[in-house]
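Only one chain is shown below, in C-alpha coordinates, and it's the form predicted alone.
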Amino acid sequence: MPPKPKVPGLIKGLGVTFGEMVKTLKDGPQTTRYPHEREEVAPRARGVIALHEENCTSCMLCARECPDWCIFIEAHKYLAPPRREGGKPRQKNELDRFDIDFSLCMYCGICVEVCPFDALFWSPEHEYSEIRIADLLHDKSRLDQWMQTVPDFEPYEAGSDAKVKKVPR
(Lines give C-alpha, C1' and ligand atoms only; values in the text may rest on other atoms or scores of the structure.)
Protein backbone atom coordinates (compact mmCIF):
# COMPACT_ATOMS: atom_id res chain seq x y z
CA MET A 1 0.00 0.00 0.00
CA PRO A 2 1.54 3.33 -1.02
CA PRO A 3 1.97 5.99 1.71
CA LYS A 4 -0.68 8.72 1.98
CA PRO A 5 0.35 12.09 0.66
CA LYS A 6 0.86 14.61 3.49
CA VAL A 7 -1.56 17.55 3.51
CA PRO A 8 0.08 20.82 4.56
CA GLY A 9 -1.19 22.19 7.87
CA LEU A 10 -2.46 25.41 6.31
CA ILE A 11 -4.76 23.62 3.88
CA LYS A 12 -6.01 21.32 6.65
CA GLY A 13 -6.74 24.33 8.90
CA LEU A 14 -8.59 26.15 6.10
CA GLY A 15 -10.65 23.01 5.56
CA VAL A 16 -11.72 23.00 9.21
CA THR A 17 -12.55 26.72 9.03
CA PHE A 18 -14.59 26.26 5.85
CA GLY A 19 -16.48 23.32 7.42
CA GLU A 20 -17.38 25.40 10.52
CA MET A 21 -18.45 28.29 8.31
CA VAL A 22 -20.82 26.05 6.35
CA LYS A 23 -22.18 24.58 9.61
CA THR A 24 -22.82 28.10 10.98
CA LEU A 25 -24.65 29.12 7.82
CA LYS A 26 -26.82 26.01 8.08
CA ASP A 27 -27.51 26.05 11.87
CA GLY A 28 -27.31 29.78 12.56
CA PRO A 29 -24.94 31.63 14.90
CA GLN A 30 -24.06 30.11 18.28
CA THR A 31 -23.52 33.41 20.05
CA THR A 32 -26.01 35.75 21.70
CA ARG A 33 -26.68 38.97 19.84
CA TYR A 34 -26.13 41.29 22.79
CA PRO A 35 -27.76 43.89 23.47
CA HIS A 36 -30.76 42.76 21.36
CA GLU A 37 -30.86 39.38 23.10
CA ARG A 38 -29.81 38.97 26.71
CA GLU A 39 -28.63 35.82 28.44
CA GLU A 40 -29.95 34.88 31.86
CA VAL A 41 -27.29 35.58 34.50
CA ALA A 42 -26.48 33.12 37.27
CA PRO A 43 -28.62 33.59 40.41
CA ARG A 44 -25.65 34.51 42.63
CA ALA A 45 -23.78 36.56 40.04
CA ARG A 46 -21.69 39.49 41.22
CA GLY A 47 -22.90 42.56 39.44
CA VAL A 48 -23.36 45.71 41.46
CA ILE A 49 -23.49 46.18 45.23
CA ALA A 50 -26.84 47.26 46.65
CA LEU A 51 -27.37 49.12 49.95
CA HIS A 52 -30.31 48.57 52.29
CA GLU A 53 -30.02 51.93 54.06
CA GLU A 54 -32.31 51.09 57.00
CA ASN A 55 -29.93 48.31 58.11
CA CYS A 56 -26.76 50.43 57.94
CA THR A 57 -25.53 51.62 61.35
CA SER A 58 -22.49 53.51 60.00
CA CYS A 59 -20.10 51.10 61.72
CA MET A 60 -17.71 51.62 58.78
CA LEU A 61 -16.49 48.01 58.77
CA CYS A 62 -17.06 47.79 55.01
CA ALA A 63 -14.98 50.92 54.35
CA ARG A 64 -12.16 49.74 56.64
CA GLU A 65 -11.98 46.26 55.11
CA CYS A 66 -12.20 47.39 51.48
CA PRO A 67 -8.79 46.75 49.86
CA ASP A 68 -9.44 49.41 47.19
CA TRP A 69 -10.74 52.13 49.52
CA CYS A 70 -13.67 52.72 47.20
CA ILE A 71 -16.35 53.09 49.93
CA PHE A 72 -16.94 56.53 51.45
CA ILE A 73 -19.12 56.90 54.54
CA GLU A 74 -20.07 59.98 56.53
CA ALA A 75 -22.42 59.93 59.51
CA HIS A 76 -23.34 61.95 62.56
CA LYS A 77 -24.56 61.01 66.03
CA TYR A 78 -27.84 62.13 67.52
CA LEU A 79 -29.77 61.48 70.72
CA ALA A 80 -32.70 59.12 70.30
CA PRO A 81 -35.52 58.89 72.84
CA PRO A 82 -35.11 56.29 75.56
CA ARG A 83 -36.48 52.81 74.92
CA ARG A 84 -38.34 52.73 78.25
CA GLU A 85 -40.02 55.41 80.27
CA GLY A 86 -37.57 57.00 82.69
CA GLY A 87 -34.52 55.72 80.75
CA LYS A 88 -31.61 57.73 79.39
CA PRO A 89 -31.64 58.99 75.82
CA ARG A 90 -29.46 56.81 73.64
CA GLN A 91 -26.91 57.85 71.09
CA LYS A 92 -27.43 56.64 67.52
CA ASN A 93 -25.66 57.11 64.19
CA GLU A 94 -27.40 58.57 61.17
CA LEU A 95 -26.00 57.92 57.72
CA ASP A 96 -25.27 61.13 55.80
CA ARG A 97 -23.22 59.76 52.92
CA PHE A 98 -22.60 56.25 51.61
CA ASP A 99 -20.84 56.18 48.24
CA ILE A 100 -19.17 53.37 46.32
CA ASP A 101 -16.84 54.27 43.47
CA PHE A 102 -17.31 51.41 41.00
CA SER A 103 -14.44 52.69 38.87
CA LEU A 104 -12.15 51.60 41.74
CA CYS A 105 -14.07 48.55 42.99
CA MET A 106 -12.63 45.13 42.15
CA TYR A 107 -15.84 43.29 43.12
CA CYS A 108 -14.13 41.12 45.72
CA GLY A 109 -17.21 41.06 47.97
CA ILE A 110 -15.36 41.67 51.24
CA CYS A 111 -17.69 44.55 52.11
CA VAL A 112 -20.76 42.34 51.64
CA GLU A 113 -19.25 39.58 53.77
CA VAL A 114 -18.08 41.74 56.69
CA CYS A 115 -21.30 43.73 57.09
CA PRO A 116 -22.73 42.51 60.42
CA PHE A 117 -26.11 44.17 59.87
CA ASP A 118 -26.95 42.83 56.38
CA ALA A 119 -26.94 46.25 54.77
CA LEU A 120 -24.97 45.28 51.63
CA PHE A 121 -26.08 42.76 49.01
CA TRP A 122 -24.95 41.55 45.60
CA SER A 123 -27.24 42.34 42.72
CA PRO A 124 -26.78 40.42 39.45
CA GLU A 125 -27.35 43.65 37.52
CA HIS A 126 -24.22 44.24 35.42
CA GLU A 127 -25.36 46.81 32.86
CA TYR A 128 -24.50 50.09 34.49
CA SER A 129 -21.74 51.48 32.30
CA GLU A 130 -21.37 55.23 32.03
CA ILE A 131 -19.91 57.58 29.46
CA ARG A 132 -18.13 59.62 32.13
CA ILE A 133 -16.03 57.78 34.72
CA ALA A 134 -17.20 60.22 37.40
CA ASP A 135 -20.74 58.82 37.03
CA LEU A 136 -19.57 55.46 38.39
CA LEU A 137 -19.61 56.99 41.88
CA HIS A 138 -22.96 55.73 43.18
CA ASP A 139 -24.48 57.51 46.17
CA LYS A 140 -26.77 55.96 48.79
CA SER A 141 -29.97 56.72 46.86
CA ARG A 142 -28.66 55.02 43.73
CA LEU A 143 -27.30 52.08 45.75
CA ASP A 144 -30.72 51.75 47.38
CA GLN A 145 -32.36 51.54 43.94
CA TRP A 146 -30.25 48.45 43.18
CA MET A 147 -32.05 46.64 46.06
CA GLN A 148 -34.99 46.11 43.68
CA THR A 149 -32.78 43.87 41.53
CA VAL A 150 -31.44 41.71 44.38
CA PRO A 151 -32.89 38.20 43.98
CA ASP A 152 -34.55 36.36 46.84
CA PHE A 153 -32.26 34.21 48.92
CA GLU A 154 -31.71 30.68 47.68
CA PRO A 155 -31.44 28.18 50.53
CA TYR A 156 -28.16 26.39 51.05
CA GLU A 157 -27.81 22.66 50.52
CA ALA A 158 -29.08 20.34 53.22
CA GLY A 159 -26.56 19.87 56.01
CA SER A 160 -24.90 23.23 55.48
CA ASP A 161 -24.32 25.28 58.61
CA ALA A 162 -23.75 28.56 56.75
CA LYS A 163 -25.33 31.75 58.05
CA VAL A 164 -28.61 32.63 56.35
CA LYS A 165 -28.71 36.17 54.94
CA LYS A 166 -32.26 37.33 54.25
CA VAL A 167 -33.01 39.99 51.67
CA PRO A 168 -35.28 42.68 53.16
CA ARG A 169 -38.29 43.62 51.08
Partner chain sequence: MTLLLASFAPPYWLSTLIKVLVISAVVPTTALILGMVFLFKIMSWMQSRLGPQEAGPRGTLQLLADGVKFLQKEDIAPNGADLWVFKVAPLVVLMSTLLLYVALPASMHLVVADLDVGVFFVLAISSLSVIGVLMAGWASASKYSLMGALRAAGQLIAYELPMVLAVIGVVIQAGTMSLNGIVLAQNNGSIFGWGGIGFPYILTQFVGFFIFIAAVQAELTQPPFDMPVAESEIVSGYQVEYTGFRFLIFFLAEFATAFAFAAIAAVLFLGGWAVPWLPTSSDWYYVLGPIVLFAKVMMVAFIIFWVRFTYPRFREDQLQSLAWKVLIPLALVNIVVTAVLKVVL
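Numbering follows the first chain given and starts at 1. Since we're looking at a predicted model, the values are computed, not measured. Rigid core here is just the name for the largest C-alpha set that superposes within 1.5 Å across the two forms.
The form predicted together with the partner chain is left out here; the points below concern that form.
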### Message
Whether residue 132 contacts the partner chain in the predicted complex should be assessed with a 4.5 Å heavy atom distance threshold; does it?
### Response
no
### Query
Taking 4.5 angstroms as the cut-off for heavy atoms, does residue 148 touch the partner chain in the predicted complex?
no
### Task
Note that the partner chain is not shown here; using its position in the predicted complex, name the residues of 21 to 58 with a heavy atom within 4.5 Å of it, in sequence order.
21, 24, 25, 29, 30, 31, 33, 36
#### Entry: Post core alignment: residue 26 C-alpha displaced by 2 Å or more between this form and the one not shown
yes
### Query
After the core is matched up, is the C-alpha of residue 13 off by 2 Å or more between this form and the one not shown?
yes
